[in-house]
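The data below hold one chain only, encoded as C-alpha cells and taken in the form predicted on its own.
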C-alpha cells in the first residue's frame, strides 16, 4: 500500500492540462480561463455621477450658495452644453459630468425653487463622482487560469470581451460494476441493490467542470466489462466503482490490464478507500474506486476533484481547515482515516464531531456530514478539545 499523499501525486501525474478552445462569453460560465483576457476600453469611460443630485463647479461649493439650474444629464443622455460658474446641472446616477473640477451635491441636501437651488449650510466632503477609469483601464487584464464565475463574467462583459480562451472540459466516463446493481426506478431482486455511486460521482465531476458520460452497469463478467470499457473510448478519464478488490468476481483490474492499463498504483493506506487503483489506459487516465458508496465518494473528493482541476489548468489543491475535536477518538492504526463528521459553529474554531458509525456503506450518514475529520496514519488517541484538521465536503 502507498500513502494518500503518494497516491495523490501519482494520479496528478496522469492529469495533464487539456487543450484549449475559444467559446462565446455566454457559454463560459464554470469554465477555466486559459489565457489572460484584455480590456478593450476604460471603465467608466467618462467621469460619472455616483448619486442623483446637482453637479456644480467646485468654486460654487459654498454654504448657502444659490445657483441656477442650466439643464440636466441622465445616463445615456449627457448634457453637452457648457455649464458656467454660478450654474448647476441636474444629474442622475451614472450620467456623465460636464467637465472636471466639479462636485455632485445630493438632491436631498439642496432646496429647489423653480430653476434655482440653494446649498445647505453644512456641506458634504465627498465629491460623489466616479472618475474615468476607476474600475479598470483599456489594456488591463484578467489573469489566467481562473474559474469563470458570475463575478468574472460580469467583469469580462464590462471589459468588452465577447469570447474567451478556456480549457476544454474533461470528458469523464463513469462505470459502475457488479451483478448486484440495478438503476433507480427498477425493482431490485432479492440479492440486488440500487446503483448510487454513478449518480454521486457524476454530480461531483460535473460540479468540478467535467462533461460526464454515465455508462451502463458492467456485470461481473469479462465480456460485459470489455463491452462497457469499449463504450468509454474517447473519454479523458475513466472512473470505475466496484470490482477493484481481490475477490474472484472483482475483475476490473484484470480486464483493464488486459486492455492495456499501465497501473500507477493499487491499494492506498486509507480508510475508507483502501482498494483503489489508478493508471493510464490508452489515451485516458483511469481511476478505479471501491464499490462501497462512502468509500467511492471519499476517494472522489481526495483524488477525482484534484485530477479534474489539473486537467483544466487549475492548481489541484486540497483545502483543509482546523477545528476543535468534540469527542475523544481512538488511534488510527496503519491507515489514514477520513471520518464522516459534523461541524458546529462557535465564536472561535468550529467544533468537529465524528459520527458514531463509520461504516463505508452508510450513505445516510455521509449525506448528513459536512466534513471529513482527518486522522493521520499512525496517529494516537485524541482527546476532546484538541485542534485537528478536516476536509470540507
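Since the model is a prediction, treat every value here as computed from it, not as a measurement. Positions refer to the first chain, counted from 1.
Another form exists, predicted together with a small molecule; not displayed. Remarks below refer to it.
The stretch in contact with the small molecule in the predicted complex, judged by heavy atoms within 4.5 Å, is 171-179, chosen from 306-314, 122-130, 171-179, 257-265. Looking at residue 241, you'd find a heavy atom of it within 4.5 angstroms of the small molecule in the predicted complex. Remark: residue 196 counts among the residues lining the small molecule in the predicted complex, judged by a heavy atom distance of 4.5 Å or less.
Contact between residue 292 and the small molecule in the predicted complex is found at the 4.5 Å heavy atom cutoff. The small molecule is not shown here, and in the predicted complex it never comes within 4.5 Å of any heavy atom of residue 206. Checking 140, 135, 250, 211 against the small molecule in the predicted complex, a heavy atom within 4.5 Å turns up for just one residue: 250.
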